[in-house]
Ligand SMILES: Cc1ncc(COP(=O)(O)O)c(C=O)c1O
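What follows is a single chain, given as structure tokens, in the form predicted alone.
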């Protein structure tokens, strides 16, 4: 009997999503506006735009900050030392510089207590990132940060997570999400940007409208790729086609990113997906709680501390394993049982980009430790009770 392999990430699509994709090829652009209105209701926000990726969404907001900055010397964006290396691309494309601060090993997120030492006259923006879907402390930043510094939430991996019933990505004055492959909800590619102050609406719409549109041929190619993806993210397709799928996984650092307008194809897929956005998010929340119960109180394993007011729709469920040999053994045991895991980014940003280090001292000790000891368990909707039981058995076999 074939042992099916469950991918680390992936929105489970159905035939209705494929049908919506095909219909979307001929749908008018008004479909995009309709989808934006659906997301506004879900996030409970007034201002929102769709673009082709979270990276583009971030870039447009950084362009806005640069235009409205109080002082021309402000060119620094503070980010945690452990996050996606590609996040530096929109920062640098906007003519800005990334400045790192360490993570808090207790929360796996930016160490907010270190902000005061990082903020200077050059600081333009601070970017709290909700890593793995875990909310990063944001509300307090709104109260302590000066008016001349922008706060932008990176909620790329946390769609569905909440703090005190407020969606991550909507708490700070600005936020953005990703709808790309591997995110909590995916329309194949896509990004959402949100903002609170109406005075920025026209300029952000102008930025969006200046993005190029895909040709008809490119849209047809997108539709075909989406249909292929619907097969690839299912365990049967992922198992049978793994030899082929592995060739399309990202193995090298991105050096640039494409920006273009969101399409009616993606909007049609999104509108259909949004009918079950709550159930898909709930599944991540419930699976996260089950995984916490499995890994809690095991010697040698560190779990992120979660505040009571957090409702976490995990993009990936993160654990730190102190003994690297045990980490390797657990990874192998899980894969043998059809559960694929990930290490995500195996180095902190200062190790990947030495120019970000201000000196040779190990300033980002927690970020370096997390990068080396992190193992990510899939919590998405295709992880059922049988999968959870397999994970539990594997953990008992190793620890």
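For clarity, every value in this text was computed on a predicted model and none was experimentally measured. Residue numbers count along the first chain shown, from 1.
Not on display, but discussed next: the form predicted together with this ligand.
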May I ask whether 104, 138 and 169 all come within 4.5 angstroms of this ligand in the predicted bound form, judged by heavy atoms?
no
Residue 369 near this ligand in the predicted bound form, any heavy atom under 4.5 Å?
no
With a 4.5 Å heavy atom cut-off, would you call residue 151 a contact of this ligand in the predicted bound form?
no
This ligand contact in the predicted bound form: residue 342, any heavy atom under 4.5 Å
no
Would you classify residue 161 as touching this ligand in the predicted bound form, given a 4.5 Å non-hydrogen atom cut-off?
no
Specify the contacting stretch among 275-283, 175-183, 194-202, 207-215, defined as having any heavy atom within 4.5 Å of this ligand in the predicted bound form.
175-183
Quick one: from 125, 129, 313, 268, grab the residue that has a heavy atom within 4.5 Å of this ligand in the predicted bound form.
129
Checked 83, 187, 287, 263 for heavy atoms within 4.5 Å of this ligand in the predicted bound form; positive is 83
If we check this ligand in the predicted bound form, which of the residues in 211-232 reach within 4.5 angstroms of it by a non-hydrogen atom?
none
